[in-house]
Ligand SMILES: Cc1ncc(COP(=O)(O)O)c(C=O)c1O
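Only one chain is given next, in structure tokens, and it is the form predicted alone.
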């Protein structure tokens, strides 16, 4: 039977909350991440379709026994990988409440619609966007960038793309990003029909920011070749190093060249709360993507796209079928994006943004950046590590490089120690590549991380490195 009595629902809910509360209470006592045993992995991979039902209590306990012990790890204070924050606890409860209501926030005259309008207005204010800008919540940065660039495509084809496709221009259109731009920009360009042969990846300078001279030169070359430059997709916080492209200069260039100015701020955009001087020019962007499920500590999924020209955003996506026209108190969110049915993502933002406030977020983000600077200082005081890149946000790139180890060995050494550290789970970190070098990359977007956790990270890495050197000798 699918339904539960109120008492059954209450009992199961209390048990689920107890499981999560116990995990929060003991998070420092367990590995950040541990490999799933082969037998458990195999059981999930080959689990047969259930023909008959079972007691829901057993399912809750199965979660506690076979899923909870093998997390991605981002709830832990010693998780430094990718850009994955722990969820704010209140947001976890908000997810339960949102699921209990289970509205489709395509639009319409019900509470979830207006809650989303509220949080969109808050996000516009934080990012320096006008309140009459268009906006929707999305699954994440990939979808947000796709939606924004879809509006750009609509504008740059004078609207003909909806009827005639991308082939109506007299010459191919060209989009520009940096070599450090996120891969979702290329995916969006491919999905939107431009083709990645017309995505120019502009070199970066010593600070991993888009090189403006190279950008200007490439635009001129493309124009001379009969191509049509239409957009620069800049980064406000690259995933590799946290670099912020020269947004003001790009805004000036796009204005002079009649090009769309888009900013991917999925990771770093809300860093404007802590370091506003780094974001001069961002408010001039025609469109912007941010990810509240990164530095606003929301549970995934929660992305956001903002577009200055709300009418253009609506024109790019609006298609109102007859069956929704009887509940159209205001334009539906489905008219501004690729989704019709949409989950109630806004409730968690609405709750936590009120719980923490802008000042609270400013303190939390500033703290993460300060911890990154502390990590960089610790690296520089040690003889066995080399600082490779110290971005302006909360990403640090470095290598284990003890004296006497030749350059030709360092890549293999760092790869070997990384494998060991990830397997052991005392801390979790990943790698990237900068200027042809394999480097370790630590990103701090975690309100639980402390200075002590930074020491544990470096000590664990050094221990694994020494063991790898001993094994190779």
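Bear in mind that the values here come from a model prediction, so they are computed numbers and not experimental data. Numbering follows the first chain given and starts at 1.
If you look for the form predicted together with the named molecule, you will not find it shown, but the lines that follow are about it.
*Asks:* Taking the named molecule in the predicted bound form, would 141, 184 and 294 all count as contacting it (heavy atom within 4.5 Å)?
*Replies:* Verified in the predicted bound form; spot residues all in contact, yes.
*Asks:* Just one stretch in 358-366, 146-154, 118-126, 235-243 has heavy atoms within 4.5 Å of the named molecule in the predicted bound form, so which one is it?
*Replies:* Looking at the other structure, the answer is 235-243.
*Asks:* With a 4.5 Å heavy atom cut-off, would you call residue 387 a contact of the named molecule in the predicted bound form?
*Replies:* Heavy-atom contact with the named molecule at 4.5 Å: absent for residue 387.
*Asks:* Determine whether any heavy atom of residue 336 comes within 4.5 Å of a heavy atom of the named molecule in the predicted bound form, and answer yes or no.
*Replies:* Residue 336 lies outside the contact set for the named molecule.
*Asks:* Please tell me whether any heavy atom belonging to residue 279 falls inside 4.5 Å of a heavy atom of the named molecule, as the geometry stands in the predicted bound form.
*Replies:* No, no contact at 4.5 Å.
*Asks:* So, residue 266 and the named molecule: in the predicted bound form, are they within 4.5 Å at any heavy atom pair?
*Replies:* Within the cut-off, so yes.
*Asks:* Name the single residue among 98, 312, 83, 199 that comes within 4.5 Å of the named molecule in the predicted bound form, judging by heavy atoms.
*Replies:* Only one option qualifies, and that one is 83.
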